[in-house]
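Just one chain is shown here, as structure tokens, and it is the form predicted alone.
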């Protein structure tokens, strides 16, 4: 499979987010591999989008969003869970795609071990369902902030040339986002049981 390159990510988040569905996310930990099919994403599109971390302008926390597409933006929420995003668009245009869920492909036993720190997880289908569990399963933390997914040896995305049927809906938990709250910027593979909602 071909690895996704810089050009893929240097587009609007609303283009990249649906195009990521069906792609394979690979995580290398030493000589072990965890992988999963991307089945759910959300697009965040700059300073005018009140649900986007760039809504207050450039800060120490979000400065990587103003970099070139293909860099990782990861942050802690609720003081305990990480969210994994990939910066998109050109430099100085703060957009990103949140990876919300994966369909497990490889390395389930490693993911199970990693998830022990997350707490009880009900079944295999839940292992990478939702951004917090996804990061725990893949052992992703703030050390990945700014990592370049186009040339990293620890994490990257490959294209199996699948063309899944895609559904678009409004993003989750952003009722405060004013005119942007109902934008159909959450993307899922239709009827995929691994999506988070």
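The model shown is predicted, which means the values in this text are computed figures rather than measured ones. Residue numbers count along the first chain shown, from 1.
One more form of this protein exists, namely the form predicted together with the DNA; it is left out here, but the text below deals with it.
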* **38, 149, 137, 65 - the one with a heavy atom within 4.5 Å of the DNA in the predicted complex** => 65
* With a 4.5 Å heavy atom cut-off, would you call residue 69 a contact of the DNA in the predicted complex? -> no
* Though only this chain appears here, would residue 130 touch the DNA in the predicted complex if you measure heavy atom gaps against 4.5 Å? -> yes
* To do: Indicate whether the DNA has at least one heavy atom within 4.5 Å of a heavy atom of residue 51 in the predicted complex.
  => yes
* Hey, in the predicted complex, is residue 108 touching the DNA, heavy atoms inside 4.5 Å? -> no
* Asked: 54-62, 149-157, 162-170, 24-32: which one contacts the DNA in the predicted complex at 4.5 Å, heavy atom to heavy atom?
  -> 54-62
* **Partner contacts in the predicted complex for 75-98 (non-hydrogen atom within 4.5 angstroms of the DNA)** => 75, 76, 77, 78, 79, 80, 81, 83, 85, 98
